[in-house]
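A single chain, nothing else alongside it, follows as structure tokens in the form predicted on its own.
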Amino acid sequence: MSTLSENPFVGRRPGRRWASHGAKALCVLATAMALAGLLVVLGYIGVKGMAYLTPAFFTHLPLQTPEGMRNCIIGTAILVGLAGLVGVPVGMLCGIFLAEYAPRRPLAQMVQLTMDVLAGTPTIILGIIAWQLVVVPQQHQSGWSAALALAFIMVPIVARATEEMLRLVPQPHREASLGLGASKAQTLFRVILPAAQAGIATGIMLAVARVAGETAPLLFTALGNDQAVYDPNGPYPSLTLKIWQYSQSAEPDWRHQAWVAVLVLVTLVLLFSAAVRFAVRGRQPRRS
């Protein structure tokens, strides 16, 4: 048996240690730069928004005095919820199909290509597609068309997260379940999905955060509404639409309202992300 001193990799390459330390330092530096950029953005938004944040922003409508965006906050939450009702199940089913049922079939390659194309398509084009599918037949903008456009954005994000997290579940888990007499479906729902639920929840969180900040698809679909109307059959209010509208105005009060809306939107996304992280903390699947 060879001893430590006989190991050819010990003491022969001292530069490897320095290379390892250098790589670690670069990783730490890159992380610090990313965090610094995030803090600068959040700090700037906080300074610009907090100066004009009042309770009326959460209780009043845009046409009232003082102005508020109660309808836009509720409208954004409803739009994201409607999009999630379509995008999350479809995305999860696509991810399950790719990871568990057709990993090497030609159909799986077609589904993967479709997900990649959806993920790389500009969101404004997805908005045009939803406009053509829903708005043109209805002959008016609506919350349904906006939710469909946002669902198109959510599907590839959720599908990719589901596929990757299911592939992280160790293969012996599947073999043990099947060996005990469980069916493929029972193994999926009782073993594989529970083991990957933390990562899937994180993917859903990323999809929600992505669509909550989208504006371009809503220009063709939701259109916007200054009234407290939440019927998806008509023009629908949204925070991002109101931010886009107010940010282009020459009226100082409207620009101030836009900064407050940005602050509220970012805060809501951060709170949602933190809540999901806390709920799934310590339950991430590990590689075998």
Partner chain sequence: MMGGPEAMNSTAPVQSAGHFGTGNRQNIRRRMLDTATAGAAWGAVLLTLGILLTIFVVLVHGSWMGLTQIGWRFFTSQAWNPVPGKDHYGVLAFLYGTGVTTFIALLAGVPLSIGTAVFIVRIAPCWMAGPVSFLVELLAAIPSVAYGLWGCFVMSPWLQNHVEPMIYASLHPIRLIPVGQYPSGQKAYFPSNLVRGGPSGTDFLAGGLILTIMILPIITAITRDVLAQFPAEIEHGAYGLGATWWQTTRLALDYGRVGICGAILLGMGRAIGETMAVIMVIGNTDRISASLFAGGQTMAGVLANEFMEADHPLYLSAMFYVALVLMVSALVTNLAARGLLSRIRGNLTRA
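Note that the rigid core is defined as the largest set of C-alphas that superpose within 1.5 Å between two forms. Numbering follows the first chain given and starts at 1. Given the structure is predicted, the values throughout are model-derived calculations rather than measurements.
One more form of this protein exists, namely the form predicted in complex with its partner chain; it is left out here, but the text below deals with it.
J.: Using a 4.5 Å heavy atom cut-off, state whether Ser142 contacts its partner chain in the predicted bound form.
T.: Contact check for Ser142: no, nothing within 4.5 Å of its partner chain in the predicted bound form.
J.: I'd like to know if Tyr44 sits close to its partner chain in the predicted bound form, meaning any non-hydrogen atom pair within 4.5 angstroms.
T.: Heavy-atom contact with its partner chain at 4.5 Å: present for Tyr44.
J.: Even though the partner isn't displayed, in the predicted bound form is Tyr230 close enough to its partner chain, meaning a heavy atom within 4.5 Å?
T.: Close contact is absent here: in the predicted bound form, Tyr230 is far from its partner chain, nothing within 4.5 Å, heavy atoms only.
J.: Flag Thr240 as yes or no: does it have a non-hydrogen atom within 4.5 angstroms of any non-hydrogen atom of its partner chain in the predicted bound form?
T.: Yes - in the predicted bound form, heavy atoms of Thr240 and its partner chain come within 4.5 Å of each other.
J.: Where, among 66 to 74, 29 to 37, 53 to 61, 230 to 238, do residues come within 4.5 Å of its partner chain in the predicted bound form by heavy atom distance?
T.: Of the options given, it is 29 to 37.
J.: Can you work out which of Ala198, Ile78, Val111, Val134 has a heavy atom no more than 4.5 Å from its partner chain in the predicted bound form?
T.: None of the other options qualify; the answer is Val111.
J.: What residues of 183 to 219, in sequence order, lie within 4.5 Å of its partner chain in the predicted bound form by heavy atom?
T.: Contacting residues: Ser183, Lys184, Ala185, Gln186, Leu188, Phe189, Arg190, Gly213, Thr215, Ala216, Leu219.
J.: Met50: after superposing the rigid core, is there a C-alpha shift of 2 Å or more between the shown form and the other one?
T.: False for Met50: its C-alpha shift is below 2 Å.
J.: With both forms fit on the core, has Ala228 moved 2 Å or more by CA between the shown form and the other one?
T.: No; that C-alpha moves by less than 2 Å between the shown form and the other one.
J.: Thr65: after superposing the rigid core, is there a C-alpha shift of 2 Å or more between the shown form and the other one?
T.: No; Thr65 is a residue whose C-alpha shifts by less than 2 Å between the shown form and the other one when the cores are overlaid.
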